[in-house]
Structure formats: C-alpha cells, structure tokens
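The data below hold one chain only, encoded as structure tokens and taken in the form predicted alone.
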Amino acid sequence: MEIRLDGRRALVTGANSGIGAAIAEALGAAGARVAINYLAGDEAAEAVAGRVRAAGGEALTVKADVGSLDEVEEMFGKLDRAWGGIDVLVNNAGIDGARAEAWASDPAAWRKVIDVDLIGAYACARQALARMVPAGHGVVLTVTSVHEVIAWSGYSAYTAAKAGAGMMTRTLAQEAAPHGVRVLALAPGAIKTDINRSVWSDPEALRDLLEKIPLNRLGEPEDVARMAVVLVSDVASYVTGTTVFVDGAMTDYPDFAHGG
C-alpha cells in the first residue's frame, strides 16, 4: 500500500535535525507541503527543506520558539498567508534539560523544559485546532517518549512534560473528535540521533542500553518517521486519542523476561 498525502499542509516543529527532520522529509516524500520549524540552525533547516524539494515536495522554513505564545501565533499566521491554513501538525520540538535530581535542580531550567515540551505542544495544538475544527478535518500528532510511562531519574521535568503531553493528547482528541479532527501521540524509544551520540558511540553504554530493548537494536529516525506518515494519513482514519509507541518494546520492561 502506498500512502499519499498529496496537497496536505503540514507543520513539523523542531524539524531541522533528528526525528523532526526525518518526519518532515517523509511527509514531503508522501506529497505533503511541509513547513519546517526551527529555533536555531538556519542552514540545517534549509538543508532539510532542500531535501524535501529535491524529492519533489514543497517546503518552507519557519523560525519560531514554540515556548513563546507570541511566536507560535506569528508562525501560524505565516502559514495562513502562505498556504491558507494547516491540515497536519507534528509537535516534535523538545528538550530534555540537564540531568539533576529534583532537590538539586534549577527551577528555571526545570520550567524551561516544561515551557518547550508541554506548553509549546499545547500552544501549537491550540493554534492548529482553531483552524482544523472549523474546517472539519485535520490531524495533530505530538511526539512524546517512552518516558510518558517509564520514570527517568534526573529528568523529572522531561518525564512530567511527556506524561502531560500524553494525557493532553487524549483530552484534545476527546474535544476534537466530534469535529472530524484526530489527535494522537507518537512515543519513540531509544533512537539513533546526534543528540544521544555519546551513548550509542560508547560500546559499554550501548550494551547497557540494548539490554533495555527486546528487539536488541536502536531505532532509526526513519522508523519513527514512517509511523508518523501512517498516523497522519487516512490509513489511520479510525485512530485517535492514543499513544503509539515506536520503541522496540522498551516499554515491555525486558528485565521481567527473566522472572519477577
């Protein structure tokens, strides 16, 4: 089955690298028009846009901090002027912050993670839904994490934000479903990107990580991107209000394979 998104207007936040870039390119390859949001790295964003165009798609870049309500509003205004609206939002922008136990953490740094990962996802979803609901169609897909459900010591802001985004997804789906709009979350596990190069490039750290993944391999950004294309397409037209995990069964707690 070939999945096509011809003519769909899509925005991917945090799309100048890693998972976001892979999703943007996959959407473009399926025929969508793709807006590539980024905060820093103009050249990287333009490179992603160039790859979308080289594959026959249409792309534009939009610089904005998703943690700023004003900048998010301005970004959606640009899409209105360029394309007359939006059909697909992929909330991908996120940070994990510096590792620190809660009692030793910097409240401002903790708040920054929430501002980007949760408030940013809300701000973009709010703007997208304000356009999709009157139109009677559209999809909001938020990239969360296995840390929706798996605790991660030292990263309480990140886990709180991702768990919050998961429940926000379910609630927004409940609100939007009567209007023909779907809202979902996509939760990656350990994905091989530059941001975690220090782990997968270190043999000992990699060995420890693979013990947590029943499929015994890291995911690739394309593993997540392919699922994103499926979920925002009509193939998944009866799927909403849930999180789809792309994690090699990390959330299956592999240690319990050897007994409780």
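Since the model is a prediction, treat every value here as computed from it, not as a measurement. Position 1 is the first residue in the sequence shown; the rest follow in order.
What comes next is about the form predicted together with ligand BGC, which does not appear here.
Trainee: Exactly one of Val116, Val146, Ala123, Leu129 has a non-hydrogen atom within 4.5 Å of ligand BGC in the model of the complex; which residue is it?
Mentor: Contact residue from the list: Val146.
Trainee: Can you pick out, from Ser68, Thr61, Ser233, Asn196, the residue that has a heavy atom within 4.5 Å of ligand BGC in the model of the complex?
Mentor: Looking at Ser68, Thr61, Ser233, Asn196 one by one, just Asn196 meets the 4.5 Å heavy-atom criterion.
Trainee: Can you say which of 138-146, 164-172, 81-89, 178-186 gets within 4.5 Å of ligand BGC in the model of the complex, counting heavy atoms only?
Mentor: One stretch meets the cut-off, namely 138-146.
Trainee: Does the trio Leu215, Phe245 and Tyr253 actually contact ligand BGC in the model of the complex, every residue with a heavy atom within 4.5 Å?
Mentor: The answer is no; none of Leu215, Phe245 and Tyr253 reaches ligand BGC.
Trainee: Is Ala190 close enough to ligand BGC in the model of the complex to count, meaning some heavy atom within 4.5 Å?
Mentor: Close contact exists here: in the model of the complex, Ala190 approaches ligand BGC to within 4.5 Å, heavy atoms only.
Trainee: So in the model of the complex, is ligand BGC close enough to Tyr158 to count as touching (4.5 Å, heavy atoms)?
Mentor: Flag for Tyr158 set to yes.
Trainee: Would you mind checking 63-100 for residues with a heavy atom within 4.5 Å of ligand BGC in the model of the complex?
Mentor: Residue within 4.5 Å: Asp96, and no other.
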